[in-house]
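To begin, one chain is listed below as structure tokens, in the form predicted on its own.
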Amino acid sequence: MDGEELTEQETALYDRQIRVWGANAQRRLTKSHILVSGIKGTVAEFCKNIVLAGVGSVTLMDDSLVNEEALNANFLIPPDENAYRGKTVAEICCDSLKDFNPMVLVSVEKGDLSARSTEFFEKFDVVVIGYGSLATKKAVNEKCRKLSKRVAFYTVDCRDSCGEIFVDLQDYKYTKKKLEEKVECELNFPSFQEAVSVPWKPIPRRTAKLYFAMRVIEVFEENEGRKHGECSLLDLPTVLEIKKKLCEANSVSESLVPDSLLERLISGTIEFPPACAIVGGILAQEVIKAVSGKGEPLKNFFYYDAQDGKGVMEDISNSFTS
């Protein structure tokens, strides 16, 4: 991402943010290439923010067609049916994002993300998977980690008024200010597979309940062959049975994962726009930090629940068992 200097046009357009994070950070942003899959409300917020920040390019993947749920939270889709008839969600969002910042190259890639080869991901600096299946998140993260270059990997998931972000920056170096000095720091991130496979018993009790609840829902959807969000209250008995088995396998009390929380996650299939704005904003902030190399990144999960208005960062790794 290092190389060419900012053009006069870029310097003028991004003047305010250059004053905040500097010309070098902005230069890295304008040379970065972002792949985004699964464009619902939270990811739409994320895309808007990084396009306005001035990344080099954004490639969108979402072959689904517009439905009532998509219109609820995805402000990139115009309300006029004639504007989106016959187009995929990615194509419609691509058109809208180009209007936010013509200097950012926004394009559409069709097809199944999980079927792409490892080499496909080499042209990107950041990969973001929204609302992906457990298998897809594991497979794509593994492919990104096989590359000779470091590709920043993120997943984001919103259900009801709750949100989850996962971050894998592998071995990541960055600078942060300590008093009046700049300090060089390094963090080691676990893979998605490692982070969701940590035994539950050693994890501190204060850890966000959403971490465990999201793992239960992922296993339910995988076992039942469901796509993201294909669930309802009718599935609650099955979900609770899976919770029971996971708690028994991890030697923890079933109270670790409240039934009421699982009920919210499977019944609230329509996103809550204010939660989308917050979680999408946090995700964009983290991607900007990772690309620019400035500021301490989130490690490695972030949770938000609009019911209590709290956002928490959780560092979930095998260090609990070592």
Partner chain sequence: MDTQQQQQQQSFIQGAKVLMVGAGGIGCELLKTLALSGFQDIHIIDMDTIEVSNLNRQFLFRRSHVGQSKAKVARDAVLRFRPHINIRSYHANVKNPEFDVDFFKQFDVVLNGLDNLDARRHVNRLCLAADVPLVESGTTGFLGQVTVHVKGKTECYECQTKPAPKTYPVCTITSTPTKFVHCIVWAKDLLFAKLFGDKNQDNDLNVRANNAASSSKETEDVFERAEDEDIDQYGRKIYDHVFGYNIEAALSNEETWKNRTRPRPIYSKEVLPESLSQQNGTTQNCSATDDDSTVSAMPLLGLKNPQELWGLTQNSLVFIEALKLFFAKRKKEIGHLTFDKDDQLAVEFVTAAANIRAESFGIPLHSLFEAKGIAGNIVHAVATTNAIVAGLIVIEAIKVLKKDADKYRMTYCLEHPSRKMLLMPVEPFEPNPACYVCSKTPLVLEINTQKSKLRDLVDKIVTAKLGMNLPLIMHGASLLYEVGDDLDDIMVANYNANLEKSLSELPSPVINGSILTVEDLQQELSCKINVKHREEFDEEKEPEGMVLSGWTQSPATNGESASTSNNENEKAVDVTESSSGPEMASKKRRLSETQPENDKKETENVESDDDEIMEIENPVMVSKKKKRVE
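Predicted model, so just to flag it, every value in this text is computed and none were measured. Numbering follows the first chain given and starts at 1.
Same protein, other form: the form predicted in complex with the partner chain, not shown, and the subject of what follows.
- If you check the partner chain in the model of the complex, you find no heavy atom from any of H228, L240 and V252 within 4.5 Å.
- The closest heavy atom approach of T155 to the partner chain in the model of the complex falls outside 4.5 Å.
- In the model of the complex, none of the heavy atoms of E248 sits within 4.5 Å of a heavy atom of the partner chain.
- Contact annotation for S57: none of its heavy atoms lies within 4.5 Å of the partner chain in the model of the complex.
- Although the partner is absent from this view, E119 stays clear of the partner chain in the model of the complex, with no non-hydrogen atom inside 4.5 angstroms.
- Per the 4.5 Å heavy atom criterion, the partner chain in the model of the complex is contacted by stretch 73 to 81, the sole one of 73 to 81, 111 to 119, 210 to 218, 130 to 138.
- Residues of 17 to 49 placing a heavy atom within 4.5 Å of the partner chain in the model of the complex, in sequence order: Q17, I18, R19, V20, W21, G22, A23, N24, A25, R28, E45, K48, N49.
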